[in-house]
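Take a look at this single chain in structure tokens; it is the form predicted alone.
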Amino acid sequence: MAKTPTPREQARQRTIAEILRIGREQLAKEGAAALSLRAVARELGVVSSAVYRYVASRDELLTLLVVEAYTELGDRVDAAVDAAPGTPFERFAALARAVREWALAEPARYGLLFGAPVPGYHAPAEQTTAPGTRVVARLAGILEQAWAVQGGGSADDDGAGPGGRLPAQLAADLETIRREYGLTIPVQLLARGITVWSGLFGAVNFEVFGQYGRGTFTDPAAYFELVIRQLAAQVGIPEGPG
């Protein structure tokens, strides 16, 4: 049974939540590089030293915002995939649409995760890796499902497929990833899955950051649906029931 927070702990949680809210507003207005604990303190109506009792530095605040954003994105993707029909294509499409929709609704926070690095800031892996890999882990699960639906095969396939045989070191790296995530798909399919992952976020980046150019696509959502179908085809996920 979960322990009920004390009034003091509840007050601390509320203050941290307020600091994060102000941090999100700063991201949207000024950008991550301009994030300032002094500005947070002014917004809270307290002296700067009071904020440091809750957040030790700008970098710690950035990390809290990164973890919060990754968690929200992961939750949004999980909810969309879980609600989708059971076919691999519909689950993949739900994942892709959820990423795009969250990114367009939260461009500043998406930019913190996938945009230009913040000068002088290095995200601590021990805090950010787990939430930051939720979407790609969900994608890997969909690839596993699609592989199983189509009958599977040998997990030792080292690359005799589209794109040619993989170089030995790359195949070894992919094998490490495959084992780390407990996957049964062959490394060649995993390699194509990683290109799909980068292609999905590349398409979202282009739209969020205006890289297609203003007015290029009258209906960006329709173009994104084409991206979904093409990326699915790269990893052999059929649009039909299979």
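Note that this is a predicted model, so its numbers are computed, not measured. Don't overthink the numbering: it's just position in the shown sequence, from 1.
The form predicted in complex with the DNA is left out here; the points below concern that form.
Using a 4.5 angstroms threshold between heavy atoms, residue 192 stays clear of the DNA in the predicted complex. Using a 4.5 angstroms limit between non-hydrogen atoms, residue 57 touches the DNA in the predicted complex. A residue is said to contact a partner when one of its heavy atoms sits within 4.5 Å of a partner heavy atom; residue 21 fails this definition for the DNA in the predicted complex, lying far away. Interface residue remark: residue 216 is not counted as part of the site for the DNA in the predicted complex, having no heavy atom within 4.5 Å. The chain is drawn here without the DNA; in the predicted complex, the stretch among 175-183, 41-49, 192-200, 65-73 whose residues come within 4.5 Å of it by any heavy atom is 41-49. Residues are counted as partner-facing when one of their heavy atoms sits within 4.5 Å of the DNA in the predicted complex; in 8-39 these are 8, 12, 35, 36, 37, 38, 39, in sequence order.
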